[in-house]
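Only one chain is shown below, in structure tokens, and it's the form predicted alone.
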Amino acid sequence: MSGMDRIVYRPVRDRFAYTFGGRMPVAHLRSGDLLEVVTEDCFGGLVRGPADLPSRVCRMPYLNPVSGPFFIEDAEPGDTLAIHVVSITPARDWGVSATFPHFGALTSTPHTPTLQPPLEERVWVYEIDRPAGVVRYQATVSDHTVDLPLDPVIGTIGVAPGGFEARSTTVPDAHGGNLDTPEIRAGTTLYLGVAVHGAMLALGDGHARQGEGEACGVAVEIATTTTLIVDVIKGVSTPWPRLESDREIMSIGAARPLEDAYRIAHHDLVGWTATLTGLDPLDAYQLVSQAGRAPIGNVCDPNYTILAAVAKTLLPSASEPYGGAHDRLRQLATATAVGGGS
């Protein structure tokens, strides 16, 4: 890992991207660099109140903007890009959510058409109280309010897919994308397989919080200031997005139907566990079966996402994932916070 530079990127409105792949880079990073990037919410900041129905103020396909892409020096196909999330800070004191006529888990959609009337389009505005660490829910047809824990995550983050493809930022797949898992929070390290020269990292779609499954299709959507540290792990491939926290290793599967996403995530986690520990694959399968957890990311996007996780303390004599990248980047983040970076 080379010496650290601090790169700050604040995109103007016409510089957001709406695909992974097919875009020129907005900046170049090296391993060990710290990136501070402003991201917009999934509506591009256009939904600000109950009257701002997305169908009126937003225009397809200009939804789910991402900041980037960022060219990562020395990243080549067959490598892995490690992205350590240092911090995610809401950029405003409010966030929004919504229901859509043909979007979400509990309505007719283009994938599962029914003869039922479409859902009403409605907007909820959430107050974000950063000092108190809460997100304030307010019902729209009664006076019920409740404070929910503020738990910022990045909903969409990925690299360019291979084969000269350009994928919509609304799609989750092996390259990352609209993963919508509430586990991509500060303190975690995301591992993505590199498919093109420079990797072409991009991110956006911040959530102040999100329930598992993102049932209505929309979290508490926010703009963010997000800080990352990147590292290229040479010659190590990663077939599907993986996460590592201080407590767990996690694999993400994205597919339709939902059981295929489940199988992808667990197949990857079982294989990863066996590789790290030397366990027989069926012994690793048994351990994950009894000790793992499988929170749903989303059941609304063009592909669904599920995360499979197992606690690192349960793994016998486990080698450090990716040569200890998570611990190394976490220590670098801590040193940067103390020393102020360069």
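Here the structure is a predicted model, which is why all the values come from computation and not from measurement. When you see a residue number, it is the position in the sequence shown, counting from 1.
The same protein also exists as the form predicted in complex with a further copy of the same chain; that form is not shown, yet it is the one meant from here on.
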Find out whether any non-hydrogen atom of G292 is located within 4.5 angstroms of a further copy of the same chain in the predicted complex, and reply yes or no. yes
Is L282 near a further copy of the same chain? Define near as a heavy atom within 4.5 Å, in the predicted complex. yes
Indicate whether a further copy of the same chain has at least one heavy atom within 4.5 Å of a heavy atom of P316 in the predicted complex. yes
Give a yes or no for T275: in the predicted complex, does one of its heavy atoms lie within 4.5 Å of a heavy atom belonging to a further copy of the same chain? no
Only one of 79-87, 226-234, 257-265, 188-196 has residues with a heavy atom within 4.5 Å of a further copy of the same chain in the predicted complex, and that stretch is 257-265
When you measure heavy atoms, are V134, T238 and Q331 every one within 4.5 angstroms of a further copy of the same chain in the predicted complex? no
Interface residue in the predicted complex among I157, A75, V218, M250, criterion: non-hydrogen atom within 4.5 angstroms of a further copy of the same chain: V218
Between 95-121 and a further copy of the same chain in the predicted complex, list the residues on our side with a heavy atom within 4.5 Å. S97, A98, T99, H102, G104, A105, L106, T107, S108, P110, H111, T112, P113, T114, L115, Q116, P117, P118, L119, E120
